[in-house]
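What follows is one chain in structure tokens, specifically the form predicted alone.
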Amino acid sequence: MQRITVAKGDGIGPEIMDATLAIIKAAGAQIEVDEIEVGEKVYLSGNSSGISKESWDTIRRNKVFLKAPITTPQGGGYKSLNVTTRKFLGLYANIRPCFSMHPYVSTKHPKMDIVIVRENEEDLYAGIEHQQTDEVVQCLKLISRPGCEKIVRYAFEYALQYGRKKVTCFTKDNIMKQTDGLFHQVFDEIAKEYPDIENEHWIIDIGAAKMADTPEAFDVIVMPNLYGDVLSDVAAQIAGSVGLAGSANIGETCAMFEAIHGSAPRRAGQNMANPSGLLQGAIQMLIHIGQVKVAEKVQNAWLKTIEDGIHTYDIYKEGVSTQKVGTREFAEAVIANLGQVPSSLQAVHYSEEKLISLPKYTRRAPAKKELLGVDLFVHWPGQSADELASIIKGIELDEVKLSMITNRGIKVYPDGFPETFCTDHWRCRFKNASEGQNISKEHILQLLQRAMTANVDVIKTENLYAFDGKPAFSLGQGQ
């Protein structure tokens, strides 16, 4: 008997959770439920995180969390509980199978069967944002080697366990050469350990276009957080409906399972919502806790129900569907089909060896780290880069000189173009006057002191390092 934590959430959440639990219990799931309150009510009670300490304790004790969609109030500094839960519990892998059920659910892609493996903890979803000037805000994109290694290795292990033939990586490393470049580099390194699984890399824009047009060209796709969030919804929709897709969030000790759609408050309390997305999450949960045959029974019964044309309003189509039903009635139809398999759609057979266990991350020996320079980010309301350069040159040191100014990444000094539009946010790069020589942190402190004396508004500094002799920072666009 497995004890799990359940949150019924907001909007349609309670209805689809009741339906999901009824189905899996009828199929013989050996679970005991501890219910917690999360979401809108908790937020509006004054808890900006949307969850209490006691609820965290329950989740961490049970280590398995089945969550219905929640509503995050707009504004007011409320943080997404989904993101918070994934990061607090170390749920580094988000797994979203997206497959078509042609002709029973409308799709332009009848042969689609892909799995999106999305990194879940970092990237732009670190949520580190600042307003730095009157005109510019920033969001830090954080990509780590351990984050890359864990998610890429999980994608290959998933392919291995589920008999998938190919793993594809999507990044934008032609532009973000440091962050997305690291993700791609780690993908190439780990792919060599799985010679029997085909691997490939696509730039995200053309890869997304190809996936939307010809999804059958892909099998497992692994991506950083933001790309994976966007494209997993796209994949679910072109497969038939976002409302049919569930996801697993897997960590080293805990796991969370959910639908990928929102709380749909306009449909709440009307016995209309389709519980399929949450049910798909629950099926992944059953596999995770080792109740594989129960998961198989539920999935086949669900496929049989879809095949029988018993559909909720969101996928109902005249001439294809045979009966339009509500949430409860759909659950009852799935329960009635338990023990049966679809005849047209592909029945599933889950192996007992579906649990994926990865080795602990091993930190590498530190690289030789050298300080090559520093970027001073400056708030300055003028428009002329040459005028700013004349001011910034006034804070130079004998050993450390201004080498470049950029605005929103594009080089505007030296040899900038008057056509380039500039905001009030400038990056001023300082390097040693002697080519190939390092600077010291004392130099940086002196620069900052001289900037303060000269009334230069330095809003941020970024040290420029080389690791094992390789410069590890971006050039200015146009250099």
Ligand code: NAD
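From a predicted model like this one, the values you see are computed outputs, not experimental measurements. One-based numbering along the sequence shown.
Only in words, not in the display: the form predicted together with the ligand, which the text now covers.
- Candidate site formed by Glu122, Pro146 and Ala155: none of these residues places a non-hydrogen atom within 4.5 angstroms of the ligand in the model of the complex.
- Just one of Asp219, Asp314, Glu296, Glu370 comes within 4.5 Å of the ligand in the model of the complex, counting any heavy atom, and that one is Asp314.
- Contact annotation: of the candidates Ser321, Gln132, Asn300, Thr72, the single residue with a non-hydrogen atom within 4.5 angstroms of the ligand in the model of the complex is Thr72.
- The ligand in the model of the complex is approached by Glu258, whose closest heavy atom lies within 4.5 angstroms of it.
- The ligand in the model of the complex is not approached by Thr179, whose heavy atoms all lie more than 4.5 angstroms from it.
- The ligand in the model of the complex is approached by Asn82, whose closest heavy atom lies within 4.5 angstroms of it.
- Using a 4.5 Å cutoff between non-hydrogen atoms, Arg267 counts as a contact of the ligand in the model of the complex.
- Heavy atoms within 4.5 Å of the ligand in the model of the complex are found in exactly one of 102-110, 269-277, 209-217, 147-155, that being 269-277.
- For the partner-free chain shown, nothing in 405-422 comes within 4.5 angstroms of the ligand in the model of the complex, judged by any non-hydrogen atom.
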